[in-house]
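The chain below stands alone and is given as structure tokens, in the form predicted on its own.
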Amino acid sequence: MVASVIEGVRFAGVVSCVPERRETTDDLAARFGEDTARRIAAATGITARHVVPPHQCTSDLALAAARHLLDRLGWEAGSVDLLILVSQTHDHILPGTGFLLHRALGLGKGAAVFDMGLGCSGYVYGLWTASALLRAAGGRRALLLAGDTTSRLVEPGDRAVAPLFGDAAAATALEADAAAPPMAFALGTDGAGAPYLMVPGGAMRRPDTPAHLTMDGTQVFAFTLREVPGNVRTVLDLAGWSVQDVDRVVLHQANAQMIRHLAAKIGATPAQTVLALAGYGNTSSASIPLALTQELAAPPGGGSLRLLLSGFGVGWSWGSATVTAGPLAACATLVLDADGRAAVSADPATDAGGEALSAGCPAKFA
């Protein structure tokens, strides 16, 4: 297990973005039958998911989030030294989507840019990687982009996965700051879990095999309860925190039942535990920052919060982090319409209205 404390890096802001198009339990009822759809919603806690239209990609959502974040922070594009994109649903096989975003955002040629192919643990892994590189290389500012358009990988008729996965992306700003509270990380991997959450592809995919997401939910649940509680205890010990010291526990938003079981196992109370998946579903690498933009937009008293973050899933791969964040100059959930116009969601639960932003998508090869 990799465990480390990183000092001198500030969590400066976070912005999430979801597509405007939504699928609800009523839409699933038309596909699977009303009784089945209602049972799935009750078991998972997911009543709606945002899904991209055919012409939008992961880069569209990430670009809108990153532009809003930079604007709110007042950061010049040329001041960003590092951009990392975490995703498993890239716009193209090559080049990496991070390069498209580098150009669309107007970052300087001296910026380091690369993609990380991770899923539900990806936000914590990306936060660790970006913070460590920023600190080690003496950089000033970093953008961590995380997002997936998993709906493109789902067979619509597969009731085991179709009702679960939504699309989203998020941008997080990190800045060198000697006064910043330290962040602690604990990361783990077990490649034996690879067959249980998979999209066939590459050299292992036969031409007659569709590239659809398959998942063994029983194995996912068992792995989570087996590995994650110990990982959380490790990172809390490393930070010198107890569970009681944590203001918000933000677990990967896979489904409500799993979150409640895991929270109880690590000793977190319902008041500490963030449940922010009802209107979004499992958004893979974006699920933790999407939960953060709903939870941190107005922290109590406008002060900082102690956060326990934990992501886990495909691989198997898992990671937990302790982060002190807030007050944040940039924290919002955006909704991207079909024409590439983004607006700040006035109500994340309903995505109703909000402050209009300038159009800026798609990134692609424009």
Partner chain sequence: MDGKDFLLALDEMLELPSGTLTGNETLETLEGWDSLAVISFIALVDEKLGLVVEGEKLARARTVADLLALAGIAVPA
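This structure is a prediction, so every number in the text was calculated from the model and none was measured. Numbering follows the first chain given and starts at 1.
There is another form of this protein, the form predicted in complex with the partner chain, and it is not shown here; the text below is about that form.
Query raised in the report: Looking at 100 to 108, 125 to 133, 240 to 248, 259 to 267, which lies within 4.5 angstroms of the partner chain in the predicted complex, counting heavy atoms?
Result: Going by heavy atoms within 4.5 Å, the stretch is 259 to 267.
**Report entry** Interface residue in the predicted complex among Ala137, Ala222, Leu94, Ala271, criterion: non-hydrogen atom within 4.5 angstroms of the partner chain
**Finding:** Flagged contact: Ala222.
Requested in this report: Let me know the one among Arg233, Arg159, His212, Arg72 whose heavy atoms come within 4.5 Å of the partner chain in the predicted complex, would you?
Outcome: By the 4.5 Å criterion, the partner-contacting residue is Arg159.
Query raised in the report: Any chance Gly217 has a heavy atom within 4.5 Å of the partner chain in the predicted complex?
Result: Yes, Gly217 lies within 4.5 Å of the partner chain in the predicted complex.
Query - Contact test in the predicted complex: Ile40 vs the partner chain, heavy atoms, 4.5 Å - result: Contact with the partner chain, yes.
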